[in-house]
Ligand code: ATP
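Only one chain is given next, in structure tokens, and it is the form predicted alone.
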């Protein structure tokens, strides 16, 4: 089936662990990570059009050709050879420069949405190949759930669902530049190197405490996000089993084993920070949640 318009939800991600394990010949950093989708979503509406437009209501993110959503649309049309267009509207909820892959979620949402809108029937492997050229986190944003992610984000291994838990995510007042964080890492290194293999095994054993014991982020100490230690202290003081920065920053999250304690922590943190989110693990990536079928006009027959 083809559609006139589709609505897509694309989840944000958290890094349950992130380690820098080397440098590749092209200068990029080799990573070892465990990533987790959460139920904080970007909401995209894609409508058939003859042109290509992007609208971001209420967001300060530029809606130009550098935006990942536009890049994804252009890449999709180039790959499929479709001479078509789309009007994209994104209700952004994921904080910007947070290490939560909001831009990658947008790109994944566009790819999934266009695939459905035009009935292209591209496989997940094809979508991930297109997405990898747009951004390192796009393949994970497409797959979602719980994954061990290695290389520059191009090697993904799906894991069983994360043990049942709650996340309290706090966005500081200032974001972090990913290139600057890695540049600083090259200068100062990190005292933290999480055991991603141990964390994977804890997930397979449905062991939340073991997952938390193996958590950590090698970029946390060089991100330049000065509010991270204070936020972590507050989360820990309110009962988080573990707390850390996600991605290259600047968002910080605490992991809780119960809803009541997590909700109380979120309420307390909201008194000091504007962007605080109470979330749960999500088991999927970007997906179409509603479609308006395309009704083709019947041609009149001569008679």
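Residue numbers count along the first chain shown, from 1. Owing to the predicted nature of the structure, the values given are computational and were not obtained by experimental measurement.
Keep in mind that the form predicted together with this ligand is missing from the display, and what follows is about it.
Proximity to this ligand in the model of the complex, defined as a heavy atom within 4.5 Å, holds among 142, 101, 168, 114 only for 101. Checked against this ligand in the model of the complex, the residues 62, 51, 57, 258 give one hit for a heavy atom within 4.5 Å, which is 62. Of the heavy atoms in residue 92, some are within 4.5 Å of this ligand in the model of the complex. The shortest heavy atom separation between residue 198 and this ligand in the model of the complex exceeds 4.5 Å.
Though the partner is left out of this view, residue 208 does not reach within 4.5 Å of this ligand in the model of the complex, counting heavy atoms only.
Though the partner is left out of this view, residue 97 does reach within 4.5 Å of this ligand in the model of the complex, counting heavy atoms only. Residues placing heavy atoms within 4.5 Å of this ligand in the model of the complex fall in a single listed stretch, namely 103 to 111, out of 103 to 111, 117 to 125, 150 to 158, 190 to 198. If you take 13 to 31 and check each residue for a heavy atom within 4.5 Å of this ligand in the model of the complex, you get just 13.
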